[in-house]
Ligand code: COA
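Coming up is one lone chain in structure tokens, specifically the form predicted on its own.
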């Protein structure tokens, strides 16, 4: 997955529009984009939407539930799991222990709905609170159901009392850069997708493209979107180029032809095993795309 588009769960019109944007994942949102008095209606609308779209070739469908301490997560799960979404997004994830808590809840709802155990994947937002960011070291190994980790700046800024998330030059300040870096490292440790956070100025597509380029450079493989216009920019940035795919294939072939040594020489340059691993990861990401 490259692009993950948030769509309010209480709007049939916006859900239909989001499904047609070309996003790899539509995130049906029951949390921030839905007012408290609209939560019950959003659950019903979302469940009907997921059930109607389930089985379509693309995009995948995740549902962002309310956080585990909100008192609303159980009602969210009861409403949507029987509709068989591909996964759920867990906001304000306090640590990997929250993933275990959610997994237990999912197991119960899957059994009640006649679904296979483990049918529902999880993407967790792991930095929306100070507590969550400080627990980044709890993500140490692959976990059942975990498909990806992402981070959030806006909720974290509210939690710590920061007036801005970026400096005068438009760069994230230190605490938010730390959140970004820890998410990338945690995703690597858990062998899950590293998903960059949203770019809130949805009219600034040039700024979005620049931020996508930096994220892809650093190792992120996807980015969340808050507006349909952002999807093509994100997809372009996280789709490996034909040139990079060809280079990766050539490098892998060179190692194979040489008997998989520690180092090979190509065009006067030396490449070692980390280069090989990076090439393999790029091809794995490009597989269904290029």
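Positions refer to the first chain, counted from 1. The structure presented is a predicted model; accordingly, all values stated were derived computationally and were not measured.
Heads up, the form predicted in complex with the named molecule isn't pictured, but that's what we're talking about next.
Contact with the named molecule in the predicted bound form, defined as a heavy atom within 4.5 Å, holds for exactly one of 227, 38, 60, 53, namely 227. Exactly one of the stretches 65-73, 26-34, 43-51, 245-253 approaches the named molecule in the predicted bound form with heavy atoms within 4.5 Å, and it is 26-34. Taking non-hydrogen atoms only, residue 269 never approaches the named molecule to within 4.5 angstroms in the predicted bound form. At a distance threshold of 4.5 angstroms between non-hydrogen atoms, residue 17 is in contact with the named molecule in the predicted bound form.
Among residues of the shown chain, residue 163 is not one whose heavy atoms approach the named molecule to within 4.5 Å in the predicted bound form. Not displayed here, the named molecule is kept clear of residue 217 by more than 4.5 Å at the level of heavy atoms in the predicted bound form. Heavy atoms closer than or equal to 4.5 Å to the named molecule in the predicted bound form belong, across 1-26, to the residues 5, 6, 7, 8, 13, 14, 17, 18, ordered by sequence position.
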